[in-house]
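Given as structure tokens, the chain that follows is alone and in the form predicted alone.
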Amino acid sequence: MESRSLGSIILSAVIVGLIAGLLVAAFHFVLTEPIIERSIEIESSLRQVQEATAETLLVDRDAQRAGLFLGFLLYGLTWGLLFSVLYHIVQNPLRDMSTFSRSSTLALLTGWSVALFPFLKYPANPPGVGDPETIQYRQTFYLAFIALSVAITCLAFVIQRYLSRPHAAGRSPWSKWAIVLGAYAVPAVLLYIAFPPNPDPVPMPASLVEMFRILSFAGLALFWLAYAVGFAWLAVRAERPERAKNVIFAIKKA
């Protein structure tokens, strides 16, 4: 099996990223927008003297709704480009895996380490939650958490690949997976405990905030699941012409 060129990988990754981004934007437009509307109403009622705080709505809701789709399209485009480079780098070391397994597994692990696991520690909040004075503090810990989450995932993946080599054939599959899961779970739990929580108060009803966070997490999960399946499907399709060429060449040579 020959390696795919970076150009073909980028094309597949970007197409799938844009489609997944559009899908998640539609998901949030239908399900999350009512939650945002309600939180804005509560926020407005809590801020009875906007002029005193100099906090006004700089962007109207129609522009924000349009920005929802644009934002997720950019999200899909960005991760499509980043993931294509990652896939191009690791496709040769993982050539013993099937194309679908390699593509989907790598995408799901990426989504978990950069989006889903960090969300569990620092979940999204609806409008009206978050002190502007702590934004740099929060962003610093959030980005550091993502970096360490990626490092832990890479470590566990490297250990899994090491244990899959012939020299580890004496170990049972259960013991191998126990080692891999332990190598991930222990540092992941320590990371989760060690990092400080979000310092900002949440002046919104708990049920509203909980529903917003559930839908936000579901949107991230939907994006990365759609991305993993879509990219893997395109990767398998891209292999078929190459396989056909190899078969024709083998027949002619015979």
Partner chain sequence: MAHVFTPATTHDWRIPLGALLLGLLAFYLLALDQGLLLSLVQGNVAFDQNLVHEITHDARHAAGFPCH
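Numbering follows the first chain given and starts at 1. Everything numeric here is computed off the predicted structure, so don't read it as measured data.
There is also a form predicted in complex with the partner chain; it is not shown, and the following applies to it.
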Of 178-186, 93-101, 154-162, 67-75, the segment with heavy atoms within 4.5 Å of the partner chain in the predicted bound form is residues 67-75
Contact test, all of L6, I10 and W79, partner the partner chain in the predicted bound form, heavy atom 4.5 Å: yes
With the partner left out here, check for me: in the predicted bound form, does some heavy atom of Y142 sit within 4.5 Å of the partner chain? yes
With the cut-off set at 4.5 Å between non-hydrogen atoms, does N125 touch the partner chain in the predicted bound form? yes
Considering only heavy atoms, tell me if K121 and the partner chain come within 4.5 Å of each other in the predicted bound form. no
Whether P132 contacts the partner chain in the predicted bound form should be assessed with a 4.5 Å heavy atom distance threshold; does it? yes
Within 24-39, which residues come within 4.5 Å of the partner chain in the predicted bound form, counting heavy atoms only? H28, E33, I36
